[in-house]
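To begin, one chain is listed below as structure tokens, in the form predicted on its own.
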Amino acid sequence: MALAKAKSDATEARLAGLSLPEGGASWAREARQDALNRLTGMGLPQRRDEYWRFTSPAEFLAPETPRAEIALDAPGFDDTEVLRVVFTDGVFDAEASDDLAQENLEIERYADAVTKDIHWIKGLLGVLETAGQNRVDRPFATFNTAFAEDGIVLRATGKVSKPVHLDYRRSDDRAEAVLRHMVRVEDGAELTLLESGVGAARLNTGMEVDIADRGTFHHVRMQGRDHERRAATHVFARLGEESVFKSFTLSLNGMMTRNEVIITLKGDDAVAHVAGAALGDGRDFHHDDTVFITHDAVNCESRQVFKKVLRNGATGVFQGKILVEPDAQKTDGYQISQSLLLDEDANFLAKPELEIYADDVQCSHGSTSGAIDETALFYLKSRGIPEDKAQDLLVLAFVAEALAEIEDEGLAETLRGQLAGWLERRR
């Protein structure tokens, strides 16, 4: 009863003064109202909730947006030919964006799509998010469905020749952004989506990705130098037969980051890989990766690979689950989470889970924490490499398995450069 009362009070306080976005087609208004009803029913989370034991939701519950100094972010994929879509303080910035035209790609603002009586997202908006609440409440994702006003809508009808880059910028030190992205990859189509930038003082993003049979979706995200970033991100994906979903996130700094990825493999022979690397320095750094992958078809493969490098009191969290439904025979599920603690003050909290109802499966999970390998460090020093550079080399080697999940070597090299630059600045 006490927990229910606390959740109710927190929800009432957070929603006070907020109203659902005005206008929009009737189906969009209904989806938003349904989300608000579900949100008030489940309540916003408290620290005693099972999936919030390791991460305090307080930063996301405060009614007022906290002030955050505007940081100059590192270049985001500037060496890659992209279609750039810019959001400034959570609003689409047409002047800073490229022309929204690309072969094999339908692209438009979310704010425009939800005004149309007939649109393909009518049958998708909130559907994957709602399904993702089946076993675990994800209230900040539901908040996103209810209150998001802008974002991007992408429909790939063939192989899209260059990535779409969502470039987040801000000019207001108290900007709060709630963005919704909708993605549909049609049969045999292929799309790469990139994300980077400082976004807002407090950022909530939601993305629903529907991949048809034989479709391929690549997602690479860079959460950069913004030391005071508070971000809650949510990716929901549904995979058809022989489809592919691959996502990688690099997180550098930030005050409070919670990245949730919820995937359902609905078609036979589908593949889902989710990976990430986080580097944190200081007691204000708290980074949480929460992943839930459901195998609901035959002969599917999933991989979860997460590496965190922490020091000076930084905290990293990994909560990952593989759920294998009764008919999902011949499942191949792999999960690994590891942390490299560069001092005794850093913390890594992990909750790996397997829940299996099929008998012909191959699933494994593991989680480890450790310090720099002193033998390897001594070896490098004995070859004339200074200790700080030797340590950096070992850090880069530690995160290499996660970076290997990026299929495009050019994008992987860009992120290696970001990692190397972060390490060099902190010597």
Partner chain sequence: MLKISGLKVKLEEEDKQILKGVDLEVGAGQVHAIMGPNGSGKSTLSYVLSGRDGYEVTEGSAELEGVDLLDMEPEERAAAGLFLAFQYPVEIPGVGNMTFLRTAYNAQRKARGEDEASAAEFLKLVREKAKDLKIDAEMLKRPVNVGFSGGEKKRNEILQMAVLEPKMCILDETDSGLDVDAMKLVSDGVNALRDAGRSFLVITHYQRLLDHITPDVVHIMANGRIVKTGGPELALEVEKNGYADLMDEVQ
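Positions refer to the first chain, counted from 1. Treat the numbers as computed from the prediction; the structure is a model and nothing was measured.
Keep in mind that the form predicted together with its partner chain is not shown, yet the notes after this line are about it.
- Just one listed stretch, out of 45-53, 26-34, 359-367, 374-382, contacts its partner chain in the model of the complex at the 4.5 Å heavy atom level, and that stretch is 374-382.
- Annotation: in the model of the complex, residues 386, 389 and 393 each come within 4.5 Å of its partner chain through at least one heavy atom.
- Although the partner is absent from this view, residue 58 stays clear of its partner chain in the model of the complex, with no non-hydrogen atom inside 4.5 angstroms.
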